[in-house]
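First, one chain by itself: the form predicted alone, in structure tokens.
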Amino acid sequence: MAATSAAAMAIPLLINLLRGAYDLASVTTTHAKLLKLGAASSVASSNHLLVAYCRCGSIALAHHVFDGMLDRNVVSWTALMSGYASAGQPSAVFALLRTMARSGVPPNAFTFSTAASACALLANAGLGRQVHARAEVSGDARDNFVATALVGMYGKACRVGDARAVFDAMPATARSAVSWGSMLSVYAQNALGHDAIQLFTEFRTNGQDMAPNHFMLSSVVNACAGVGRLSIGKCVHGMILRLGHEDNDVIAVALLDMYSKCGCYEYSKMVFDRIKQPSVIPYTSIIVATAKYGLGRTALSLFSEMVDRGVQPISVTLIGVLHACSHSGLVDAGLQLLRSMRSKYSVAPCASHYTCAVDMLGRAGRLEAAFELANEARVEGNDDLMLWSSLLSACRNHKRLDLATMAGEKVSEFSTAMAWEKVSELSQEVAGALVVMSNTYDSAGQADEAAAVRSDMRRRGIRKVPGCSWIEIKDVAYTFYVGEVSPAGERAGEVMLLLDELECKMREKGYKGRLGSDRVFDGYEEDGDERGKGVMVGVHSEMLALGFGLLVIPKGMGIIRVMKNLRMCYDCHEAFKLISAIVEREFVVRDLNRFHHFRMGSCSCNDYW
């Protein structure tokens, strides 16, 4: 009787040990004691063992316990599913879910949230919809955990509309900070920065006085980085400081990235310098930021500091260093890194490293060496397109039609060989390369060849995204397209007059380019038959954004920052330099490849771009 009483007292203690066990040895020892006491076969004990083995990452032992159970309840099934999901084996989760349905044990909210999270790992909207449908039937779809998991799942599968529909269907009182953060993350991950910022505004208004957690804050900072919304990013930074999250590494990296992408490298460096023990991720972020500003030697210095501190670089770190060398003309240093990265840092060169190196050689005019390296790389698929597109652009910039034709043939072969679905998926990469090829033929006076390339693009439905530029003024982004000054509203006429005046002043300083593609003449001078000077048309988007910024941002109110979705053209680059000297103001332009900081007639890129 005493022995039975002792065993009854020991069992709760052993169960309590399982709850706090995080190493396999402790779990197996406790399991053996429960077996010795004859208490391991009960549903409750088996469930605790299942959870403990899963927590330690021993899914095989967890499944062994599960297989030995005579009776299983919803906790048993869900615990094993959760273990497989945590171990990165989402397919096993669905096999269990199907078997569970046949066993007659009904799933609960935790089962559905686990299954939805597994769908997110697979980014499989089809399976996710099945889970969603079953949750709707059982009445669990509005549960906070289930709905939040469904939002995340649809987001990973790029079904943003479905994610928002689930979020909107949640009762306002059921939404937690995690729910809001999950929806915000969906927008940020799918490059819908403006929507993410708008949702964060809704949260601040309708979030029932909830404080944002660090996941939400990092997502909104990332959204600001993606769309270049500096003023909102600064406001969120202030919120981060007030809430005491400034020491969180995830937020610090997000802030570093946001400031660098908004044209504030100095602020990025300040954020980095405040990180006490930077790991490889902050180091990689600041190196990439430095590269975007063309500060090659600074990037190499940061890389040396990182290695000296014993921080092991990863593949992306080395891509950042190569990118910095490419935009600063440090060809020998870049090639040395490419040749030694496997032996020194145990990182095998991949397609992205070779593409950076080919771009680096191409920018420096070493085109034959670039071709040799491109052939040596032997990359395939999408990476092949990126590599040869980069080389094609370099050949055009250095006016080497012979080599440009060879690179263009490689691009054409790639795009022709691709399945239609793949062409649609990579349409912008293909379109960009073909437009460069067409422009190369045009600049060489081969109009027929240029027309043939454009005709082929039309036939295959390949269209390039139109160039646009935007400028943020008082928390509002104004987006301009080529020749469209209407976003300036009532001041559109003033913008065009200002640009006209600036072009005249630039001509006096030797400017040979033009701000517009043409001039429209709609009248004659009063004192003769000569036509008036006309009105500029087809003005590039960055020039329109700059003109608007010069009108509405008073002198002394800081740098004018313009964002552009494509590469800045040579004529506009020269114009920005001259205008910075004429009006004695500083401009920062973020284009597709890098940042340009214009001041007093010069650019931070030193015309090496």
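When you see a residue number, it is the position in the sequence shown, counting from 1. Because the structure is predicted, anything quoted here is derived from the model rather than measured.
Keep in mind that the form predicted in complex with the DNA is missing from the display, and what follows is about it.
In short, of 44-52, 542-550, 555-563, 59-67 it is 44-52 that has heavy atoms within 4.5 Å of the DNA in the model of the complex.
Using a 4.5 angstroms limit between non-hydrogen atoms, Asp257 touches the DNA in the model of the complex. Contact check for Val250: a non-hydrogen atom falls within 4.5 Å of the DNA in the model of the complex. Taking the partner from elsewhere, Gly181 is found to have a heavy atom lying within 4.5 Å of the DNA in the model of the complex. In the model of the complex, at least one heavy atom of Val288 sits within 4.5 Å of a heavy atom of the DNA.
For the marked spot (Thr298, Tyr478 and Cys603), a heavy atom within 4.5 Å of the DNA in the model of the complex is absent from each of the three residues. Out of the listed residues Gln89, Ser443, Thr201, Asn108, Asn108 is the one that sits within 4.5 Å of the DNA in the model of the complex by at least one heavy atom. Just one of Asn124, Ser393, Ser117, Ser438 comes within 4.5 Å of the DNA in the model of the complex, counting any heavy atom, and that one is Ser117. Counting a residue when any of its non-hydrogen atoms is within 4.5 Å of the DNA in the model of the complex, the hits in 299-331 run Ile314, Val316, Ile319, His323.
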